[in-house]
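First, one chain by itself in structure tokens, the form predicted on its own.
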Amino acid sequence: MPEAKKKLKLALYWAASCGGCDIAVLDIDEKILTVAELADIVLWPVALDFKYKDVEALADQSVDVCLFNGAVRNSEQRELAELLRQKSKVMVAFGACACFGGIPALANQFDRESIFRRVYDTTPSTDNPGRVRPQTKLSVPQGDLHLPEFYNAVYKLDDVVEVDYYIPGCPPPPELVWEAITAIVEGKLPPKGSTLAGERSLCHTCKRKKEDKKVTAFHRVHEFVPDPEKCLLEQGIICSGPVTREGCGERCLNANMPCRGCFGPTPEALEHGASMLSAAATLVEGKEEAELAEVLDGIVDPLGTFYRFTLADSLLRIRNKSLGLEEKAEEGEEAAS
């Protein structure tokens, strides 16, 4: 009898994320059974009962592929990222949060103390007269209790460990997940560092009609029902299609909703948010600076609009250089010396 083909070892882990990327793996439907035939899952906290000690016991480089979703917000997530990098041959940033920081990275507009003050002091439902804050260590008669350290910033995965491949999306669509799994199983992965999605912008695959129409104002999606046949940008709705990578299947556009940029920038759009702001400005009717400024000022929450998924990956790098990983790295260097 021919020798049975050795099964792959697969790890899946979520960090600072909503859990949607884990569900995306299940969204491949019955093909999940094929995955079970081809791979042994050695870690998947959302679905199976694994302990960190189980991962620590694995031999280095014994895991063939790790799909790591979520950004890095605290010390526990960083430790697991480093541990899984040590144990895995291939590390995949899976989903927008791991690739670019995602929605969690919008918190980089504020430092840790500002966030704690809001959460533990000033929200209307909070009653905390003692101004208690989470402690990373507390000694009780039964022993020491520990909580992860909350970093001063949110980081994308490749700020913490080396990443071999990127699969964008919020979450990655099932077709893309299956294509990636197939490429891994068949050993047909592209060069390391590649993003497993299209290279062109979403506008190249969008079927909506474009008429080179200028806009006099920008609107939010709840203010009117846009024409499903026409370009959303030309109807005054911010759509990030011009600077966002293709490969999502146009799910939002097909639902008459604008692209929010979860596939990240195209190779040409080095700065996702600034590139989209520039694209929006070219659509504004009028040439005078005051006219342009008036229309652009009508965009509600421009940072959240243009950097919804990519703030931790932007040139702004808000808060990333204050406390957090840089501070930890410096402490480690001092200890080593």
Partner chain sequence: MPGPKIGVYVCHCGSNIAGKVDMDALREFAAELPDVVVSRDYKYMCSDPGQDLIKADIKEKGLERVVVASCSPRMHEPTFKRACQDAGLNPYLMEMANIREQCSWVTEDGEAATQKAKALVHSAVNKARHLEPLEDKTVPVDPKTLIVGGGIAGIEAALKIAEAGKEVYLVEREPSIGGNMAKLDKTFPTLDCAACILTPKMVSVAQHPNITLLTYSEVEKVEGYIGNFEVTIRKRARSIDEKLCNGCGTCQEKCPIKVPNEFEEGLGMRKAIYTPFPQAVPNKPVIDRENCTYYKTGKCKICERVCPPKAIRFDQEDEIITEKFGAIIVATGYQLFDPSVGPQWGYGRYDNVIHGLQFERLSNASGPTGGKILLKDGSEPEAVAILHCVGSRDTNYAEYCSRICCMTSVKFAHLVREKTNAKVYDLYMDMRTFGKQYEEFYNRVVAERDIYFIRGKGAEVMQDPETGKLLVRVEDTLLGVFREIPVDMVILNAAICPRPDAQEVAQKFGIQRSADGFFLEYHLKLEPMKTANDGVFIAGTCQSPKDIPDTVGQGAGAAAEALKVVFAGQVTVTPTTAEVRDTLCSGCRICIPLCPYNAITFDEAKGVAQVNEALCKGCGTCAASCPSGALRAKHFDNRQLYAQIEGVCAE
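Just so it is clear, the model here is predicted, and its values are computed rather than measured. Residue numbers count along the first chain shown, from 1.
The form predicted together with the partner chain is left out here; the points below concern that form.
Put simply, of Lys207, Lys192, Lys214, Arg118 only one has a heavy atom within 4.5 Å of the partner chain in the predicted bound form, and it is Lys214. Remark: Leu283 counts among the residues lining the partner chain in the predicted bound form, judged by a heavy atom distance of 4.5 Å or less. In the predicted bound form, Leu233 approaches the partner chain with a heavy atom inside 4.5 Å. Contact check for Ser278: a non-hydrogen atom falls within 4.5 Å of the partner chain in the predicted bound form. The shortest heavy atom separation between Ala269 and the partner chain in the predicted bound form is within 4.5 Å. Here the chain stands alone, but in the predicted bound form its contact with the partner chain, taken as any heavy atom within 4.5 Å, falls in 193 to 201 among 179 to 187, 86 to 94, 193 to 201, 127 to 135. Residues of 230 to 251 lying near the partner chain in the predicted bound form, listed in sequence order, are Leu233, Pro242, Val243, the criterion being any heavy atom within 4.5 Å.
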